[in-house]
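Encoded as structure tokens, the following chain is the form predicted alone, with no partner shown.
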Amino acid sequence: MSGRGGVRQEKVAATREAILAAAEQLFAEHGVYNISNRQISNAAGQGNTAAVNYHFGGKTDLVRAIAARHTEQIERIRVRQVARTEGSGELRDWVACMVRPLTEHLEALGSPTWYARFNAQVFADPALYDAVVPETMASPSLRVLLDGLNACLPGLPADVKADRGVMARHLIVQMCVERERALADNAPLAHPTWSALASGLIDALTGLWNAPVSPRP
């Protein structure tokens, strides 16, 4: 009995993984709302077109499950990076903690990848953002990162910090999208490696955080 149960669990896990992989690629390439559950089921090799609903419920739950696959791995990288950086008073060190967990994760995935383009859609859509991002913001390592970053910017007004935080997020996400798309299309690369892209982002974002603030009206 337990043997049959184990085989069934393995089949369920394999089906879920196939659906997640197919959905991530389709969402990245065509947009979350342009893809039907039937298309995902077919791409995942599932004859039952209700497979997506059976395993994940609605589309938002599916998006959340895709994000979770990556968030867990990114969090492990960030925990290590933050642990090495704790106690540093160098802004650049904390900016690296913002950038490198994502770029290292994308590098580890190999090529082609679809996560950067999928992630950009989550950040751009208010409903998906609200469903996915608040969970990631609750990460203990991210709180330590933000505390370390803020400690390096004692004179920066809170509203300017918030504004530049949004700018930094968009720059990281979109630059990763540009490289991922170029790799997928065999197009010329602005950076030869994910690590080189990370270094460029760290340079730019350190400058962003250190930029002067215009006089207030």
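Residue positions are given as counts along the sequence shown, with the first one as 1. It should be emphasised that the depicted structure is a prediction, and the values quoted were computed from it without experimental measurement.
Just so it is clear, the following notes concern the form predicted in complex with another copy of the chain, a form of the same protein that is not shown.
Undergrad: Do R169 and another copy of the chain share at least one heavy atom pair within 4.5 Å in the predicted complex?
TA: Output for R169 is yes: heavy atoms within 4.5 Å of another copy of the chain.
Undergrad: Taking another copy of the chain as it sits in the predicted complex, is L208 in contact with it (heavy atom to heavy atom, 4.5 Å or less)?
TA: Answer yes; at least one heavy atom of L208 falls within 4.5 Å of another copy of the chain in the predicted complex.
Undergrad: Taking another copy of the chain as it sits in the predicted complex, is Q174 in contact with it (heavy atom to heavy atom, 4.5 Å or less)?
TA: Yes, Q174 sits close enough to another copy of the chain in the predicted complex that at least one of its heavy atoms falls within 4.5 Å.
Undergrad: Could you tell me if D203 has a non-hydrogen atom within 4.5 Å of another copy of the chain in the predicted complex?
TA: Result yes; D203 sits at the interface with another copy of the chain in the predicted complex.
Undergrad: Given that the partner is absent here, state which listed stretch (77-85, 105-113, 119-127, 141-149) has heavy atoms within 4.5 Å of another copy of the chain in the predicted complex.
TA: Contact-bearing stretch, as computed: 119-127.
Undergrad: Would you kindly say which of K161, R64, H191, H55 lies with a heavy atom within 4.5 Å of another copy of the chain in the predicted complex?
TA: Contact with another copy of the chain in the predicted complex is made by H191 alone.
Undergrad: Just to make sure I understand: among 30-62, which residues lie within 4.5 Å of another copy of the chain in the predicted complex, judging by heavy atoms?
TA: Just N34.
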